[in-house]
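Here we start with a single chain on its own, the form predicted on its own, put down as structure tokens.
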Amino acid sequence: MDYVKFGVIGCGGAWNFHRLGCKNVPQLKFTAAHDVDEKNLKRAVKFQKCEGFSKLDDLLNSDIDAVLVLVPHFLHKDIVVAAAEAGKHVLCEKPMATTLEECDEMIAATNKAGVKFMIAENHRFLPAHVTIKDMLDNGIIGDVFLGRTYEGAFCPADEFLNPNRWNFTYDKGGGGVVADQGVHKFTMLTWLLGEVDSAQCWLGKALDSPPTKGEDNAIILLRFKSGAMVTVDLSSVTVHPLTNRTELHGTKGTILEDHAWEKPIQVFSSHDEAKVKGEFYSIEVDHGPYPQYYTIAAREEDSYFANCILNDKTPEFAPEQARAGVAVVLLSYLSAKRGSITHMDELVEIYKSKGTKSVLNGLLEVTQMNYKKMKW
């Protein structure tokens, strides 16, 4: 096999980042596509010059090697299971699923079928974050004790105000910005800092969106088992150039990262192996402000997964790690409902008893309706 033949399932907005990011990647080709929206499918076939399938079963029965799943969150589990049963390797967009039980079904199905399975979490593969992970592993800023991270992915108001759009809904999206954007941060932070011990979360609505829609802004305080404390700020209604920011403070220094910078990482370190000791310095990595970092991350994750298939290697980014990000989403929501610091053990008890889907019930009642006191 010289390259991996991918079938794309879902040809909406996310598909564009993967398509553009992988234009010159020899390890893979997008040879087939499926979408229930005929216009999306025709557009994908035209731009990609691939074969179009109006039925999912027909795509799965074609000669593709793997699928790239880019559909609404609530459809992830069923499609991943179907692809695995058809013997196709699976790369699925984040979040892995909306509940831990769905995550478990996906893992079980892909393990049983003996296919490779990975979540396309762009924060996990962005070169800037890979560089930060290497610095942490090498002790450049010592032991991290404090951090904060922000994602402000502004969305048109229609995403929240239109009741017919699935985005940010409790039943199809798995919640608001905590589920949609927070899972990026949680997956990244658990990769960098280890397991989360506890969380406290506040949810808010700046827009008067339908009751089926979740929060459009949130703040989560996380305590890790290592002792590190991190604040996670999320919003889809703040107006500024699209970016993500993270800062980590350790016993030997600080890492500052901003996706809007051409050189996205600044470091201050007292470590003997620091590039410049005792003063801030910038690090050059493969990067570009929005939307470039989206296409770069798509290229990195898609080509990595293709190489795993070609070389018969198990992806280092295991689905269990993506599941951990979903667990922190649900832990955050559970904390918001309880109005207090909530430990991961408490979520595990719910998982064992009534199931984590129950956590998504009643979230509207604990969301601050900030729009009632605001004038736009």
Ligand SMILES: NC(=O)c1ccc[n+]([C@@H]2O[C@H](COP(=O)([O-])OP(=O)(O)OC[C@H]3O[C@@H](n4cnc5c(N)ncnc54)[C@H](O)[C@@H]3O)[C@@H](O)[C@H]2O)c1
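As the structure is a computational prediction, the values presented were derived from the model and not from experiment. Start at 1 and count along the sequence shown; that's the residue number.
Here the subject shifts to the form predicted together with this ligand, a form of this protein not shown in this document.
**Student:** Find out whether any non-hydrogen atom of residue 37 is located within 4.5 angstroms of this ligand in the predicted complex, and reply yes or no.
**Tutor:** Heavy-atom contact with this ligand at 4.5 Å: present for residue 37.
**Student:** Since only the chain is shown here, I'm wondering whether residue 14 would be in contact with this ligand in the predicted complex (any heavy atom pair within 4.5 Å).
**Tutor:** Yes - in the predicted complex, heavy atoms of residue 14 and this ligand come within 4.5 Å of each other.
**Student:** Any of the heavy atoms of residue 72 lying within 4.5 Å of this ligand in the predicted complex?
**Tutor:** Contact with this ligand, yes.
**Student:** Taking this ligand as it sits in the predicted complex, is residue 79 near enough to touch it, meaning that at least one heavy atom pair lies within 4.5 angstroms?
**Tutor:** Yes - in the predicted complex, heavy atoms of residue 79 and this ligand come within 4.5 Å of each other.
**Student:** What stretch, of 178-186, 142-150, 106-114, 222-230, brings heavy atoms to within 4.5 Å of this ligand in the predicted complex?
**Tutor:** That would be stretch 178-186.
**Student:** With this ligand left out of view, choose which of 216, 102, 93, 257 has a non-hydrogen atom within 4.5 angstroms of it in the predicted complex.
**Tutor:** Of the listed residues, the single hit is 93.
**Student:** Given that this ligand is left out here, which of 191, 125, 170, 294 has a heavy atom within 4.5 Å of it in the predicted complex?
**Tutor:** By the 4.5 Å heavy-atom cutoff, the listed residue in contact is 294.
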